[in-house]
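One chain follows as C-alpha cells, the form predicted on its own.
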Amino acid sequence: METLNLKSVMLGVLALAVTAFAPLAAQAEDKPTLIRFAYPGAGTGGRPQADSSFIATAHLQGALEQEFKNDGIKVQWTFFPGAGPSVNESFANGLVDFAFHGDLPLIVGRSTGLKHKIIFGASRFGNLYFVVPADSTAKTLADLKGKRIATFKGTAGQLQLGRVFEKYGFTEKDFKVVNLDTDTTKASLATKDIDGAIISPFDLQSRGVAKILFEIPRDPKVTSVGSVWVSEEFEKKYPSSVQKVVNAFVRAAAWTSDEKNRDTNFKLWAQSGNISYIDFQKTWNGYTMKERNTPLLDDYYRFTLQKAVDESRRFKLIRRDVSLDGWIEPKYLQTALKEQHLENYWDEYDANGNIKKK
C-alpha cells in the first residue's frame, strides 16, 4: 500500500511539473506563420514600393525577410494606393499586423477604436514646398483664396495643409480643398485643374509643369512624425516576433542613417517613381541622414504626436479625443538599441526640435 501511495505521489508531482512547464513551452514554440506589414501608399501606377525613409530601404533590401528566414516565417508587404485610410480599413478587417502610418490616419484609427501599439518612429523634419501651375499669376497664398487646393484627405498631408493655412492666418474654408492622390495631383497641376498643392517640386519644375509658390524651411511646427505600430493582438501573442521586427528595422535605420549610403538610398527610393532622384538630392540638402531617419520615441516625437492629436480635434478631423497613455510601447526599441550598441547613435530632440544637451 505504501509503495502504491508513493508511486501515486510521484506521478502527481510529475503531472504538476508538466502542467507548470506547458505554458512556457507553448510560449517558446508559438510563432506566427506570416507577418503582414502594411504601407500607406504605393509607387507610380500602384507600383508595390515605398520611398523616403528607412522603411523603404528595409523593404527594398529584404530586411524583414532575412530576419525571419531561419524561422520559416513569411513576410507579406501590402502597399495601399488609398494610403493611410485604406490601411485602417484593412486593419479593421483583421488583415494587418504591422504598419507605417503618418500622424492623421494613425490618430483617426485610434480614435475609432483600432487597437495598436506604437513601437518606433520612422520619419521627421524636412522642408515644405507649396507649388502652383507653371503659369500661375499667384504671388502668395492669399492670392489663392477661393481657388482649388489639392490634398490627399485622411492622410498626414491633410493635417499638414491645415497647419500651413493656420500659419498664414487662413482656414480650409477659405479655399476649395479637393481630394487627390499624388499621381492625380501631378496630372492636375499639368492640366491646371487645380491651383496649388503641397508636393515635391523639382522634377515638376524642370518639366515646366509647376513652380514653387513658397517654401517653408525646417519648421517642426509644420512637419510631422511617422510611426510604426503593431496590433495589440499580435503583440500579445508573439512578443518575440515583435522584437525581431523592431531589430530588423533598427538595423535598416542605422544603415540608412550612414552618410556613405546617402546616394544609394536616394537611388533606391527613386525607384518608386513618386519622387525623383534629383528631388531627393535637393529636398534632403542641409539635413543629415540621421536626423530624418531616427527611430527614436524621444520628447520631440511625443510632443509632435500630441500636437497632431490636438490639431486633429481642433480641425474637426476626429470626434473623440486620443490619449498617448498606454499607446506608445518603447521596450522593443530600447532592447534593439541596446543589443545593437546604438543607444547613443541618434541624437534625441526636445519638444521644439532641437538636439537635447547630454
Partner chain sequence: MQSSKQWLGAGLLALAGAAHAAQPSNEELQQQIQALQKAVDALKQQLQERSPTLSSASTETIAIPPAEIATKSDVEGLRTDLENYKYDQQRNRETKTALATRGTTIGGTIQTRATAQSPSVTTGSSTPANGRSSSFDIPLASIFFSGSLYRDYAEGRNLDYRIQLGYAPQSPAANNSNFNLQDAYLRYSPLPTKTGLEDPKLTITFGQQLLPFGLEVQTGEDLRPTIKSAQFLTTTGLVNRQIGAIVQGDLEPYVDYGFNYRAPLFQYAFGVVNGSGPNKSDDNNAKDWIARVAFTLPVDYYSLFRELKIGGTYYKGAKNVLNGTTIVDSGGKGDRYGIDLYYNHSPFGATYEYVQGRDDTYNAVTKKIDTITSRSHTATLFYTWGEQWLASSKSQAKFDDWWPKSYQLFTRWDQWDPNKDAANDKITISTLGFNVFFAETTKFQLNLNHYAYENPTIKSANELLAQFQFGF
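From a predicted model like this one, the values you see are computed outputs, not experimental measurements. Numbering follows the first chain given and starts at 1.
The same protein has a further form, the form predicted together with the partner chain, not shown here; the description that follows concerns it.
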Problem set entry | 4.5 Å heavy atom contact, Gly102 to the partner chain in the predicted complex | no
For this session: Mark Arg319 yes when one of its heavy atoms lies within 4.5 Å of a heavy atom of the partner chain in the predicted complex, and no otherwise.
Result: yes
Exercise. Gly113 near the partner chain in the predicted complex, any heavy atom under 4.5 Å?
Worked result: yes
Exercise. According to a 4.5 angstroms non-hydrogen atom cut-off, is Ser86 in contact with the partner chain in the predicted complex?
Worked result: yes
Problem set entry | Candidate stretches 240 to 248, 199 to 207, 127 to 135, 176 to 184, one within 4.5 Å of the partner chain in the predicted complex by heavy atom | 176 to 184
Exercise. When you measure heavy atoms, are Gly46, Val108 and Leu268 every one within 4.5 angstroms of the partner chain in the predicted complex?
Worked result: yes
Seminar exercise, completed: Exactly one of Thr171, Thr140, Asn285, Thr264 comes within 4.5 Å of the partner chain in the predicted complex through a heavy atom, and that residue is Thr264
Seminar exercise, completed: Residue within 4.5 Å of the partner chain in the predicted complex by heavy atom, from Asp219, Asp71, Glu166, Asp193, is Asp193
Exercise. Considering only 151 to 172, what residues come within 4.5 Å of the partner chain in the predicted complex, judged by heavy atoms?
Worked result: Lys153, Gly154, Gln158
